[in-house]
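Below are two forms of the same protein chain, given as structure tokens: structure 1, then structure 2.
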Structure 1
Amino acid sequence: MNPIISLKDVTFTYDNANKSALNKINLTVKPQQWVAIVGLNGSGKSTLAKLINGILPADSGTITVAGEKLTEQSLWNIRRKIGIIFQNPDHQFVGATVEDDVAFGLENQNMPRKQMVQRVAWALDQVQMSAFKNKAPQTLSGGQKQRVAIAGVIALQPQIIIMDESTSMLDPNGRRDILKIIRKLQQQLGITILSITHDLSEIVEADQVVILKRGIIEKTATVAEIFADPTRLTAWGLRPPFTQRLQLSLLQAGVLLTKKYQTKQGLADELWQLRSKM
């Protein structure tokens, strides 16, 4: 299967910077994968997203999206294949109502009105925001705003969605709801997800995890491989999620578990079984 995103020896340096923000990055993403890009602030995560979408031009190397090399000539065609959900949804709103906002991108594509109305209704239904279609986006809660932002992206039916720290302003419940919606849409529509985050609790659903540190890829692996050695995460400047920290503490206390868990629920179920045997 050919990759949907491919970066080969990609380097980028901001003006007047002493060091490259990204240095000879090589990355391959397969179609319909969920790939989490993880790292501390300043590691190059958001820069990577901007390079893939052509917002920033690479100093060197090649970027290919859906089989098409990113160039000045192919830039706008590639951007039509990518949707970005930003950290602050307020920065994406342009319509007076939720319905208008979701329709904005479709209007720019000159979609016939009848088809556009159907597409907007479908997108809002996917994120459970149909009842708010006549509301002003600014009056919504943080989680509701992010749902509208997602609707605006999926209405365009891109092949790739980039989530650039798009849940960092939400509470845990809101974050969990948004990730659940994205996972459902990925499975239903066959979308490739590139999730950029510094919160390791968000990566448990990922097929592949890429750890960035100071503009260099330190590790590419599965979630299980990343969490297998919490001490390595600390060395990369990352804090393991609660579930992994608790399992390490249990191991140090002599409590042996049957497996390593990525979610709180699985760990809680086994601890409950251990307790019932005491």
Structure 2
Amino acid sequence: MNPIISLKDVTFTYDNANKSALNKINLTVKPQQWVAIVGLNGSGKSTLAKLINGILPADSGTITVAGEKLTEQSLWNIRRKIGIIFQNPDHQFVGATVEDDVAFGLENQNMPRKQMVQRVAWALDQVQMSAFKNKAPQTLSGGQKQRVAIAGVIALQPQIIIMDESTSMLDPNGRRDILKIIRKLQQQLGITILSITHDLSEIVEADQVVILKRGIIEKTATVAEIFADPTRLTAWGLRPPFTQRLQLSLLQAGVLLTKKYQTKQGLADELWQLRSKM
């Protein structure tokens, strides 16, 4: 199968920087895959997203999206295929109400009004924000704003969605909800997902994990490989969830548990039992 995104020897240096933010990046993403991009702060993840979307122009190398080489001419066509959700939703609002905001991108596409109204309602329903449709985006909480920003992107039903730490504002439940929604849409609509994240629970969704280190690809791994090497998680910019961190600390303190727990509740139950034996 032809890749939907392909980068060949892509290099980019910011003006006034003495070092490349990305150096000879080679990467291919197959259609409908979920690719997680991880790495420490400053490793080049957001720069990579901006290059793929043509927000920043590569200094050298080639980027191909859905069979089309990214050039000044093809830029707008390619952008229509990609939806980006950034970390801070405040920078993304353009509409006076939640509904207007989600409709904005569709208006730009000249979608007929009737279809647009339906699409906006659908997108808001997906992120469970229908009840807020007449509110001003500025009055929402961080997590609610992020849901609206996500609705704005999924309303467009792009071929590719890039999430740049888009769930970092959400609490664990909110994050799980959003990932579930994105996963469902990915499968229903055949969307390709690039998710830039420091969050381990987001990695779990990925078919492939790309680890960036100081502007180069250090390693491409499967989720299983990532989890097989927990001592390196921090070096890869990943933060284990609370339950895992606590179990690691308990282990280091010499507290032996009967098994590994994925959920807080299971761990709490065993800790209660241990306590009653003390």
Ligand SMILES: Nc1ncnc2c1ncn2[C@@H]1O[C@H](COP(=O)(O)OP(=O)(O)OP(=O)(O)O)[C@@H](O)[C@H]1O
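One-based numbering along structure 1's sequence throughout. Please read these numbers as outputs of a predicted model, since none were measured by experiment. Here, rigid core means the biggest group of C-alpha atoms that superpose within 1.5 Å across both forms.
Structure that is the form predicted in complex with the named molecule (1 or 2): It is the second structure (the form predicted in complex with the named molecule) rather than the first.
For residue 159, does the CA position differ by 2 Å or more between structure 1 and structure 2 when the superposition is done on the rigid core? For residue 159, whose C-alpha is compared between structure 1 and structure 2 after core superposition, the shift is less than 2 Å.
On a core-based superposition, does residue 176 travel 2 Å or more at its Cα between structure 1 and structure 2? Indeed, residue 176 is displaced by 2 Å or more.
When you overlay the rigid core, is the Cα of residue 202 off by 2 Å or more between structure 1 and structure 2? Yes, the C-alpha position differs by at least 2 Å between structure 1 and structure 2.
To one decimal place, what C-alpha displacement in Å is found for residue 233 between structure 1 and structure 2 with the rigid core superposed? Comparing the two forms, residue 233 shifts 4.1 Å at C-alpha.
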